[in-house]
Structures are given as structure tokens and as C-alpha cells.
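Before any questions on binding or motion, here is one chain by itself as C-alpha cells, the form predicted alone.
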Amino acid sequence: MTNFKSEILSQKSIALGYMEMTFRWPEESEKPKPGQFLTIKIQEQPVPLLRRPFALSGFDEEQKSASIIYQVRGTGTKMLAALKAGDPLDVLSPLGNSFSLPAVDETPLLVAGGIGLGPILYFARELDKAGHSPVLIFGCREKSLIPDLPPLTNGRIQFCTDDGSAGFHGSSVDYMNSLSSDETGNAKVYSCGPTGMLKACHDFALSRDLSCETAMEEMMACGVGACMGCVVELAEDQDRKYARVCKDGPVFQSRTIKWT
């Protein structure tokens, strides 16, 4: 974990209400891993007071740059979206843990919804470069929310829309349920998105006796485990009742979470 001053390299809209920001990554800092996150101090003024957490959505080793995908929906993200290339950025990263690699004979099923796309996309690209054949499944309400993404080389991207305006007509979990047992028999599930989707991915994996890792989305205040503001309740067979998403996660084995 390092607190460093960075510079914005680019800002662009990738879907309705969603932005992708790329910024410079210091050479002396460790390479971030898929699933890890950062916090940004939006500005020096008192508002917004707290740093804002964002999952990393990519890293370019050659260019020494990293990126985040975020939704513009509040004061902090509106201020962030107003920043331009060349503007300074105060970053604390990398934070949290990361996804584990699938076995050689496992097919990675990577499921994302909303701003959960960031860490899933980063992981898919890293797996793709390593020779795996990931299936990235992104679900949203309608066509306007589908991001403009370059295709994977070894894997593939499947878009799903609730209204059927693009891709598969239904949710991402509906799509997984449409796959044959041959396609899911040796799968490992990874997910990030709204809680309802995460539970559905957990249930899908549980019903097929598959491993499932989930990156939890919780409101964070400090981002380093000090304030206890982002706890999630753990399953009854765990040795403790709660875990901090920012410090103990954000990636958990789905069977360790108490889903309600």
C-alpha cells in the first residue's frame, strides 16, 4: 500500500453514466492485482470529506498506468468526472486482497453487474493474456448501459440485458443457467456486482458444487480496516461473525458469507 501523487492520463465515457479513468502508476509501487482497489482524495477542500474507494479495472505494465471504471451518481463522482487529462490525483493503493487463479483445467466464469465490471474486466484480461479462456458475463438493464469493450483473444464476452435490447435476453445468472453441463462442469465462478446478483451466483455455484469467489461491494469510510464501517456477516460455520470488506476482502469465498 502506497500513498502517491498521480496524474490523470485520460477520461472517457464507456456507457450511459459510466466513466473510465486512466492514470499514471509510479514505477516504484507494486503491481496491483485483479480484485484489489484504491481510494482517491477527490480534492483538498473539506467536501467531500472522505476518500472514495474504486476497484481497479486494468493495469498496463509497459505504460505504467492503471484504470478504474466508475458510475457518476453522487457529489464525489461528479467532481471526479469533471477532472481532465493532466490533472493531479491523490491515490492510496493497492488495497485489499485479490482473486485466486483457476486451475489449468477450470473454465473461469466471470460475472459482473454495474460497477462490478471493473475488477472482473481486469481479471478477465489478465487470464486472457495468461492463456486461459475466460467467459466474461456482464448483465445490465438495457443496451445503453453496455460498455464499449475490446474483445478478448482467448476468451469471450457475453452481454445480457433484462429487456432483451442487446445480447442475451435475461440476467447474467439466467445466461449461466442456459449453459449445458459440459460448459459448466469444470467451471470456477467469480463475481462482482449488486448483492442480489452475488447471492444468485453463489446459489448457482452451490447447486453445481462449483467454487465461487465474490468481490463484495460495501460502503467504505477509511478503506484500511480501522473504522469497521464495511463489515459483512459471515456464515455460521466460520470462526468469527463478521469480516471487514476493505481489510479481509474485498474478495471472499462465497460459502464463507451469510447470504440473507
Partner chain sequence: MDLSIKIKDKILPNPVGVASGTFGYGEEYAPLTDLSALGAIYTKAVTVEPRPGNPLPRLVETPAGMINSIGLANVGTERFLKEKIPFLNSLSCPVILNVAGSLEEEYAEVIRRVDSQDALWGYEVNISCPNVKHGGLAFGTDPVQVERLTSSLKKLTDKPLIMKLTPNVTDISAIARAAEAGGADAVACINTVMGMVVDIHKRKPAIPAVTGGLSGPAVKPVGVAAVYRVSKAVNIPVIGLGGIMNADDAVEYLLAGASALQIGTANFVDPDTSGKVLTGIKEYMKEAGFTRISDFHGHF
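A quick note: this is a predicted structure, and the numbers were derived from the prediction, not measured. Numbering follows the first chain given and starts at 1.
Form predicted together with its partner chain: not shown, discussed below.
In summary, the region of this chain contacting its partner chain in the predicted complex, judged by heavy atoms within 4.5 Å and restricted to 62-70, 204-212, 228-236, 191-199, corresponds to 228-236. Proximity to its partner chain in the predicted complex, defined as a heavy atom within 4.5 Å, singles out one entry of Ala85, Leu101, Leu92, Ala81, which is Leu92.
Proximity of Lys41 to its partner chain in the predicted complex falls within the 4.5 Å heavy atom cutoff. Proximity of Ile8 to its partner chain in the predicted complex falls outside the 4.5 Å heavy atom cutoff. None of the heavy atoms of Lys12 is located within 4.5 Å of its partner chain in the predicted complex.
Contacts between 1-40 and its partner chain, taken as any heavy atom within 4.5 Å in the predicted complex, involve Met1, Thr2, Asn3.
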